[in-house]
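A single chain, nothing else alongside it, follows as structure tokens in the form predicted on its own.
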């Protein structure tokens, strides 16, 4: 796996709370806006979808691509961020 970004490290270092969706690794302003428009305004709402998909990487990546147009790197960054957060906090 590639090295993680500073954004990833900061996200997984603490409880999620009310962090905005663009606090997730791989989700910037544009993707964040697209997710917000579809009701995924907070990181915990995306986490909910991640859990509904049973933390399955392929299903989550496909959902992220279909929902906001995330590319392969963005999908992987977001998946890795949520997976590591879950490993630490669930």
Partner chain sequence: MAALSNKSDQEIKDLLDEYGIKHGPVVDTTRPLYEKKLKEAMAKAKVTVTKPSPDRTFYREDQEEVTYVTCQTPVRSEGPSGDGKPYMRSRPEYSERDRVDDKPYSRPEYSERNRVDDKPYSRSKLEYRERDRVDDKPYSRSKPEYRERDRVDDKLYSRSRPEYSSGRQYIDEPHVYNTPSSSSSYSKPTPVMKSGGVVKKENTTSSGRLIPLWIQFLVFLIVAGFLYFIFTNMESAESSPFNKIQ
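Numbering follows the first chain given and starts at 1. The shown structure was predicted, so the numbers you read here are calculated from the model rather than taken from an experiment.
Form predicted together with its partner chain: not shown, discussed below.
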Requested in this report: Give a yes or no on whether every one of 10, 14 and 21 sits within 4.5 angstroms of its partner chain in the model of the complex by heavy atom.
Outcome: no
Query raised in the report: Wondering, does residue 30 line up within 4.5 Å of its partner chain in the model of the complex on heavy atoms?
Result: no
Report task. Give a yes or no for residue 62: in the model of the complex, does one of its heavy atoms lie within 4.5 Å of a heavy atom belonging to its partner chain? Result -> yes
Report task. Please run the contact check for residue 37 against its partner chain in the model of the complex: heavy atoms, 4.5 angstroms, yes or no? Result -> no
Report task. Could you confirm whether residue 41 comes within 4.5 Å of its partner chain in the model of the complex, counting heavy atoms only? Result -> no
Query raised in the report: Can you name the residues of 25-62 that have a heavy atom within 4.5 Å of its partner chain in the model of the complex?
Result: 40, 49, 52, 53, 54, 56, 58, 59, 62
